[in-house]
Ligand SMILES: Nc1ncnc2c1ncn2[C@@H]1O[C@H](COP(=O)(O)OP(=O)(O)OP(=O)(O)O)[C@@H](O)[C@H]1O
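One chain follows as C-alpha cells, the form predicted on its own.
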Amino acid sequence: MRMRQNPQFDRKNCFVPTSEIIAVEETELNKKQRNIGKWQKMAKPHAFTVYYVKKARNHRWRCSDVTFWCVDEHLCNQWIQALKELLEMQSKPKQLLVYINPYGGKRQGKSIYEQKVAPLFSLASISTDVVITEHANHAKDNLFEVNINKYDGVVCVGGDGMFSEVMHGLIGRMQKDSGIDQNNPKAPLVQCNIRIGIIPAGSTDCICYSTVGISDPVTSALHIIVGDCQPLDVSSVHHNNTFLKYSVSLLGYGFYGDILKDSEKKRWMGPMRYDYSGLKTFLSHHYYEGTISFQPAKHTVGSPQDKDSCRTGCYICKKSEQQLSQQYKECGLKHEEDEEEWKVIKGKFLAINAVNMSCACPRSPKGLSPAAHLADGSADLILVRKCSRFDFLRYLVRHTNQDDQFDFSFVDVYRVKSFQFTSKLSEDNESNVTDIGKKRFGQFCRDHPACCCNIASSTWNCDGETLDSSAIQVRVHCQFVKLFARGIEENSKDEAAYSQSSIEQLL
C-alpha cells in the first residue's frame, strides 16, 4: 500500500515499513499550511500524520513524522483506518509496567523517563503503570506480587543493576509459579516470555549497548514501542546446590572481581570509583590459583575467534539454537550433562571471565569478547594466565582498539555451555584458614615485594554484583529471556542519505 505526499510541497517519495510506524493521527492543517500553493483554492484540505522511526548514524533512532494531504475527506479517513488496522496487527505493547531507579548513575532516571520516554509512550497510546523504586530489590520483590499477566512487558529505567533486579524478579516469579526449585542446578527452568525493555540511565549501560548498539533513552524507547524482540541467553550460578545469581553479561574473577570489590567501598566517588579502583587493581597485579572445568559448546556454529559478530537476525544464534534443541531431543538434558566430557584446566590466573554477550560499552566498543553471541546457548570463557604487568596492560589496551585481544600466549578462550571453578583456597579447605592465609601471603609477597595485601582469593563479579562464594557452578540457558530489542543492526553505507531523504520500505 502506497501513498505519496503532494508533490506541490515535497517531491520525494516516502516509504516506511508498518513495523516501524509509531502512530497515525488525523491532522488539522494550520492557516499557514492552507495558504500555500493550490491549497488556497480548496475549502478544507484533509490530512493525517504518520509518526515513524527515523534511523541516524551509530544505531541512533529518532521519532519523525510526515503529513499526507488530500481533498477527499472519505479517502483520508479510509487511509487512517487502514493504517491503524495494520498497526493493530503488529506485536506492539499496549500496557507496560515501568520501574524507575531514581538513584542509579547520575540520578537522572526519573527525569529521563518523564522528559524523553513518557511522551513517546503517550504518542504510541501505550498505557503504563510506573513504580519509583525506594530501596534495593524493590522491583524484584514487587514482581512477585503484581498481576504480571496484564502487561505486555516490563521496562526498567536505570543501569545494568536495575535490569538485573527486574530480570531476577521475572525469572524468579516464573519458576515460583511453575513450582521449579531454583536451588537445583540441573532443574529444567521455565523460560521467561515477558519482554523486558531497558531505558539506559546508569553508569555504563553495558547490556543496552551490547544489544542495541547505543546507550540512548530515545532509541531504546522506540525499540520498545515498535515491539522488537531479541532472545537472550542467561547463565545460572550455583554453589553447593544453592542458587546464587543469574548473569547475562559478565562473570569475572580476579581482575574484574577485585575492581568491583574495591569500588563498592568508594561509592561516594560516583562513576569515577571504577577508574580509581581499576588503576589500583592493575598496579596490585594479583593472581589467583584455581581449577576450571568446562563442557565445550559443541552445538555452536561459531567460535570466539572467528570475528563473526552477532547482528540483527544472527544466523549463528538461529543455527546454534536449532542444533541445541536437536541435541536435547536426542539425548535429554540429564544424559547430556552426565555423559558429555569435561575439560579441566589448573593454573594461576590474573582474570577469569565468562561472558554471554560482547560486553561492549562506549569505552570498549568491541567488548571483552567481540564475537560473543546473544542467543546461541553458550558463553565465552576467557582465561588470562599469570603474566607480567606489561603484558597484561597490552591485553587490556586491546579492548579499546581493533587488535585481536586473544592473540597472546597467556590468553585462552573457549565457547562453553557450562563450567565450574574452584579456587586453590577452597581445594585446601581441610587446612586451617589462618594458616592458608599466611601461606598465600608469604607466596604473594615473594612474587610482589612492593605489595602489602594478603589476599587469598578473589571475588566473582556477577553483572556488577559480588558473589559470596568463589567456588561456583555455571550453566547457560539458551534464549531464556526476551528483550525489546533486535540486536545490533549492520551499519549501512547510506545511513546519512537514508536519514535525510527518505523512509525506506513500503507504507
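One-based numbering along the sequence shown. Note that the structure is a prediction, hence the values are computed from the model and not measured.
Omitted from view is the form predicted in complex with the ligand, to which the following refers.
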property	result
Single option in 307, 150, 135, 329 placed near the ligand in the predicted bound form, where near means a heavy atom within 4.5 Å	135
Position in contact with the ligand when the complex is considered in the predicted bound form, options 158, 169, 377, 370, heavy atoms within 4.5 Å	158
Touches the ligand in the predicted bound form: residue 202 (any heavy atom, 4.5 Å)	yes
Distance check, residue 267 to the ligand in the predicted bound form, heavy atom within 4.5 Å	yes
is_contact(residue 258, the ligand) in the predicted bound form, heavy atom dist at most 4.5 Å	no
Proximity of residue 290 to the ligand in the predicted bound form, heavy atoms at 4.5 Å	no
Options 77-85, 221-229, 383-391, 99-107; stretch whose heavy atom lies within 4.5 Å of the ligand in the predicted bound form	99-107
In the predicted bound form: members of 258-287 within 4.5 Å of the ligand, any heavy atom	267, 273, 274
